[in-house]
Every structure is written in C-alpha cells, then in structure tokens.
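The chain below stands alone and is given as structure tokens, in the form predicted alone.
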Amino acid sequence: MVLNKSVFLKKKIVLGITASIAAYKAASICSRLADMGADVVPVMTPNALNFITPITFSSISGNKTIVEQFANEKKIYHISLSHSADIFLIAPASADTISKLSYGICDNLLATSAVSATCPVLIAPAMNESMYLNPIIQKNILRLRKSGKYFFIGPKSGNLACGEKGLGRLEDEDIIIERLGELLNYSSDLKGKKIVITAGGTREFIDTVRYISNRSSGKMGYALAEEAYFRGAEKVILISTVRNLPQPYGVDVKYVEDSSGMKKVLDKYYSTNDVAVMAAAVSDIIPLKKYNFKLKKKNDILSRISFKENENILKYLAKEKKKNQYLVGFAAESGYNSRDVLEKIKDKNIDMIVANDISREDIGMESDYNEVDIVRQDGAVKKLARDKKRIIARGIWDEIVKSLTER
C-alpha cells in the first residue's frame, strides 16, 4: 500500500474510542495520524475509560481528550467539534455505540458528536462474532450505511479477546487509515463547486384552489442536495416545490410553486453555478389561463379549462449553458431502454440524463428507493441497482465527478 500522507496534513480528525479491548490499538492509529500532520481530537465514551486512560491520547495528539458530555466549557463541544471536523473515525466501535448511532441515542459526547457531524463518519467495529452477527446489530449497521453519512471498515476474522476465533477483530490500522484517506478525498471532491438542484413536482394552478401536478415527492432532489453538501460543495441551492421534507443541513432552499417560478429562480442562479441537476418533475402541460378566483360548477368549469404545452426548462438551460458548466436532466419513464434515453440528449447541450422507471411501485415517485440508468452524452451508460435514494444520489454524483475530472 502506498499511502498519500499529504491528504492528512492539517486535517481535523475526531477519533472516537469506545469500550472495547481493542481500544489500545486506537493509540497507535492516533499516533500515526498525528505524525502525518493531522489535528487529532480524541473523544472517549465513559465506558472506554475502563480499557485505556485518556492521558494516553492527550499525550499523543497534543489535544485534550474529551469524555464528559456536560462539562462546563466555553463551547458546546458536540456541535463545535463535529461541525469543524474534516472526518470522524470511531475505532474501535462497540455494538452499543453502533446501535446508539442507528437510533440517534445521544447519551454520551461521542454519540452526540457523531450524530451531529456533517462530515463522513468511518466506523471500525470490534466485538465478539456472536455480537457482530446478531441480526439486530447487522440491521443497525445496514441502517447506518443506507443513511449515506456512515461508512464501515472491517471487522476481520482471527483470535478474539474472549479466547474464541471468529469475525470481530478490529481491522488492521493500515487499512483503516487508507480508507480514512479515501474518505477525506471523497468529502472534498466537490470543493469549490457551486451547485443548483431542482426537486419535486410543479403545481400549475387552474384557479385559486385547483392545480395540475404529479406524484413527485422531491426525495431524489433532496438526497442529491444532501450528498453535494456532504462532498464539500461551496454552495448548494435547492429549488423545491416540496415543503414537507426536512431542509438539508447546509443547503440553501428556495421554495417555488410552479414551473414559471422555478425558471425565475434558475435565471437568477444558473449562470453562476458549475453543475445543475434538474431532478424536478416539471409539468409538460399548463393551464392556458389561471383564474384568480375559484371556478364554480355553475360557471361551466369544463368549458373554461384548457391547456397548452409547457416550456421545456431543461432545453432552455441547455441553450443558456456555458462551456464550463455541467447540466444533468432526469427522465421519468414508464419503461425505457438506454438507447431511447440517449436520443434525448444526442446532439443537445445536455451532459447527462438520469432515467428511472416510474411504472414500478418499489422505486421512483413517492418511494424512498430508486433504480436508475445514468446515460452520458458520449453514450456511456451506468446502471445503479435499487437502493435508498441517498445511496443512488451518491452514485449519480460519482458519475458527475468522474465526468468533470475527464474534461
């Protein structure tokens, strides 16, 4: 393994140590990270004190080892610490801590800091095999993975502290450190980029109470915005028609109702962005006229309602796109093949189309899951198997970043 030590230079790394016999190995990890120029802040659970002294980590790192949840300090540690960190490593991670993170239980400083962290959290489990393979622990690990914020490394098989052999030993520190370096690069691969994303189905009003819309929940657009901020984007603007989803941390949300409102906000921000991802389901048709009162049955509603084809915002943006900008569209289809999708962008100024099959009930609109084909202008196709939308968002950004680096 050839380790790029420079990736750790001046990076702030929170090192979490939990109650495990493998806690002594965390001292070596701390030492190596400090030697490579990282600013390591050790955080221990109260039970970890039964295995190793905090003085050890303070001496190695040069920083105070934090244990107390409610210490009378100038700063609120669990926020100031986790929000200023470049990455968070928990090694070793006990079954107890993993389960607490899975359910958002914050009864100690380490758990509270990890839950409030906005950076990647790398978890290195260490425990008895029967504990690690327990279905509840495995479910909690999967739940954390699917959130998009937590990453896992190990454990490995070998001799366990209890005298048994099995799966549960802390992963080798070389491998942990290598993975940590990968995540440090990953969490900054959109550094300096300005991103604009659209989300949700537009509401095209007929009168003051009626409108035409679609089933788009906006969840895919929100997941894309969360992932973009998570990966170090300088600015993420989310133009959303959806108001019932939690606002993603660090993302500037601009709420709109219809396609004309969405276009107005895009006109304001599009020219200064680096990447635009049009994940919103913009109505293909809009009412020919909007009434500023509620139409009544006696007004002969049907004779008063007519529609016209809506402006294609994606095509509009393609015409306005500058050479250094990257434009991504979405195609929601009832069955498709990648060749048909490629025809949508062939000879057009659109860099990528993300297609998903909305005829399936287990993915797409209103679902927490998706399965997509990513089709690039050059004809390359990447399939992302069914997964949580946050993980699908990660795969989409992987392809966008790859395309940007190839330019």
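Since the structure is predicted, the reported quantities are computational estimates derived from the model, not experimental observations. From 1 onward, residues are counted along the sequence shown.
Keep in mind the form predicted in complex with a small molecule is missing from the figure; the text below concerns it.
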* Can Gly218 be called a contact residue for the small molecule in the predicted complex at 4.5 Å between heavy atoms? -> no
* Can any non-hydrogen atom of Tyr326 be found within 4.5 angstroms of the small molecule in the predicted complex? -> no
* Does Lys382 make contact with the small molecule in the predicted complex, using a 4.5 Å heavy atom cut-off? -> no
* Decide whether Ala331 counts as a contact residue for the small molecule in the predicted complex under a heavy atom distance cut-off of 4.5 Å. => yes
* Of the options Ile239, Met278, Leu101, Val121, which one has a non-hydrogen atom that comes within 4.5 Å of the small molecule in the predicted complex? -> Met278
* Structure fact -> If we test each of Ser260, Ser188, Asn312, Ser213 for a heavy atom within 4.5 Å of the small molecule in the predicted complex, the one that passes is Asn312
* Among 28-36, 342-350, 44-52, 370-378, which stretch sits within 4.5 Å of the small molecule in the predicted complex, heavy atoms only? -> 342-350
